[in-house]
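Below you'll find only one chain, the form predicted on its own, shown as structure tokens.
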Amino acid sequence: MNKGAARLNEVKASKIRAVSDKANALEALGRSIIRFSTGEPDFATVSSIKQATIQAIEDNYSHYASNRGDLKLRKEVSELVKCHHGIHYDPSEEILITSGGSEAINHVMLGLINPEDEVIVCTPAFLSYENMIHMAGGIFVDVPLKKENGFQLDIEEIKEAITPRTKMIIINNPCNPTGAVYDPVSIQALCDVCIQHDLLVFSDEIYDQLVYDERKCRSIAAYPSMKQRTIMMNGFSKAYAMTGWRLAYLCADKELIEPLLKVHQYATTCAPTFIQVGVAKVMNNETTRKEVQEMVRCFDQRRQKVIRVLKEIPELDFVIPQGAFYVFIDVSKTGLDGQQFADALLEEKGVAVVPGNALGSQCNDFIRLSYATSDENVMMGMQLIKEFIKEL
């Protein structure tokens, strides 16, 4: 009688949150902690968005919005997606505003996955995908990506994983935790596979504005014949430093949006109206764009600092990240696995990182380091990692 629902049996507690809880406990004891563990920008939310949202509160936008989201915000999202990717989504029927990216993932899995449907996930990957597949009653199919290939998509491995029960493939581009931006040739090959086997694609593009070295991140939905089979997710948490605001969106063909809307109606009803109104007013203006660009520039500077120090440490192997704000580091040459390395680094040096086993079953030798923290913390934390390895 007091047991949880059976559908949660395969759902695991977040190891990322476990690291945060341990760091919090050490801070409560007076320890100074540098957090390379959380995928959260240290910047204040874009100022124009804050000001517009305060004004929306003053203007009494405090009642229900449409279940689909405020229409003005959906129009602005449509404009943003068209500007970045050249795809038009009808604001009235093909865009759904959600309370953050996690809710969007929830809606896609509960709205589209039937019990025993197989869902292919290219790992390492954000842990919500696997757990929400389990919650929906689907079957998680792991396709591990390889460090020696720069964690790029392995189309042959994906083909081998497809069965008659496969319904969806999940990609995250740019990728958390590897920082990989998938090359256009492999994306086109994935499109061909999805069309051949009539598969859906869930494309998490939350980091698509955080790309470096003049790279471009083109949505898979922009490729020929892919819009009708792609569910694109994006939002404001990362590029606009709005993690606590909980605002994201889903873009898809009308027929795919409808079941997601049903889940949303009974899970949340709508994201806070004043936030939607405030964001809609300024998200595409020049001031906002410049603030986002400045954050990206700062992230790139931090990325370069991390790379420079990592190259000085022969015991650590890594692939240079092309996007997002993570580095996925192989620590096996230290004689420790990722979990041991993360635990000892936190205990001994007060530096929090995420063990790779939180992000993929084949990632025991890795840690994830997030450089979404201050320049001072980046440099101090990297020096502490160097000291830690010297003392092993």
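Computed from a prediction, not measured in an experiment: that's the story for all the values here. From 1 onward, residues are counted along the sequence shown.
Below: the form predicted in complex with a small molecule, not depicted.
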- Query: Quick check: do Tyr129, Met233 and Arg246 each get a heavy atom within 4.5 Å of the small molecule in the model of the complex?
  - Reply: yes
Within 4.5 Å of the small molecule in the model of the complex by heavy atoms, the stretch out of 190 to 198, 76 to 84, 264 to 272, 168 to 176 is 168 to 176
Contact with the small molecule in the model of the complex, heavy atom within 4.5 Å, among Ile206, Ala221, Val143, Ala280 goes to Ile206
Of Asn284, Gln301, Ser92, Ser102, the only residue with a heavy atom within 4.5 Å of the small molecule in the model of the complex is Ser102
Q.
So, Gly39 and the small molecule: in the model of the complex, are they within 4.5 Å at any heavy atom pair?
A. yes
Interface membership of Ser237, the small molecule in the model of the complex, 4.5 Å heavy atom rule:
yes
May I ask you to check whether Phe366 falls inside a 4.5 Å heavy atom distance of the small molecule in the model of the complex?
no
Contact label in the model of the complex: Tyr326 to the small molecule, heavy atom within 4.5 Å:
yes
